Ligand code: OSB
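Okay, here we've got a single chain as structure tokens, the form predicted on its own, with questions on binding and movement later.
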Amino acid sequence: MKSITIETITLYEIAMPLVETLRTSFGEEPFKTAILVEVTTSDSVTGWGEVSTEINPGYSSETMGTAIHVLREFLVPALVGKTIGSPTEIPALMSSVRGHPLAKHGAEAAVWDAWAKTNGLGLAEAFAAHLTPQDAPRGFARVGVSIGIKPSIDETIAVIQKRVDQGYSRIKLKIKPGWDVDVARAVRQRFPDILLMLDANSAYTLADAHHLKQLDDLNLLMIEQPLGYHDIYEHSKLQPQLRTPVCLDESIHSADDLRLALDLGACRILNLKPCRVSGYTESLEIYRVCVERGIPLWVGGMMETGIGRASNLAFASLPGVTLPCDISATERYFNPDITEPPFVLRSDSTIAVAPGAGIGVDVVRERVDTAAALWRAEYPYG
């Protein structure tokens, strides 16, 4: 494989209107915000990554403000001028910076894109090159869709019906205390055969175990992150009380976190968000753990633009990703996106990986400029 030398890194703070806002247990935001990372190599190859930060520290402690600071002052200087033989060398170059996984992920993702393009590989092939021959990518990812908290059960059912009619075979329903058992029962009654899962986004405590046990009769695929966002221990006390598999998300930041959670019996399924674990290098290690231990794995999303969506789809096409992923079609989020062509849901509830080298989609710079202008207009303090 050819090495690359990182010559420049350019950052773009953007805001994009959403087709529909997504309300969770910790609120909603009016725009999709992100920092785009553009890496240019000494051979004039361009790679793109996405830092999927939000305005407020809800899902993550990182925000647009913290991420741009850490990138400009620490991560970019650590990478510019470096020659690497593999993107897996990038985490070591950024290791002097503690934390900030979303910022690190965006920088590393841009390098993966540039390295794959330099070597004539699609991003999925680039990931597979760091695994075993049995991990050849499938060329597509099985996907589902996430339904936010709606004003009523009737509206929730109407939105689910719309998504089922569009072809989504797995539905994830956001819940919170007071909006959980009754709505889940109503949805299951209306849709007895769909793959249904619930996502609590850390809205409950261990004291709610008896209440959550009521969900066991609904044939759920899983309940995602019911307890504290930092917690593994109390999830290990909750899972034995439930027949429904617990899936961890926010609690898992590394392969070692996952090993601990599995050894303690804290979960049976993993939602892997590459941005949450600092990038695709750590994601590959987590992937190996799941394959070795037979743990069901799926790739979560942060409503990424086409840049992050293309990268996540490439990873989700690996055969060890065994459950439908939160990587919906482009039209679910943006009109238009900042990349072309859009990602389209197929009739079998899959989305094809973009063909071509690297992320496989073209970044439309005029749309990046428009999104950057919206960020400056809406958030001038940035």
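What you see is a predicted model, and the numbers here were worked out from it, not measured in a lab. Residue numbers run from 1 along the displayed sequence.
Just so you know, the form predicted in complex with this ligand exists too; it's not on screen, but the next bit is about it.
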- Contact between S283 and this ligand in the model of the complex at 4.5 Å, heavy atoms? no
- Determine whether any heavy atom of D249 comes within 4.5 Å of a heavy atom of this ligand in the model of the complex, and answer yes or no. yes
- Message: Is G301 part of the interface with this ligand in the model of the complex - any heavy atom within 4.5 Å?
- Response: yes
- Message: My question is simply whether D199 lines the interface with this ligand in the model of the complex - judged by any non-hydrogen atom within 4.5 Å.
- Response: yes
- R163, K172, H100, K117 - the one with a heavy atom within 4.5 Å of this ligand in the model of the complex: K172
- Listed residue that, although this ligand is not shown, lies within 4.5 Å of it in the model of the complex (heavy atoms), from S146, T88, T244, S278: S146
- Query: Picking from 213-221, 132-140, 268-276, 155-163, which part of the chain touches this ligand in the model of the complex when contact means heavy atoms within 4.5 Å?
  - Reply: 268-276
- Within 4.5 Å of this ligand in the model of the complex, all of E50, F334 and E340 (non-hydrogen atom): no
- Could you list which residues of 53-67 come within 4.5 Å of this ligand in the model of the complex, counting heavy atoms only? E54, Y59
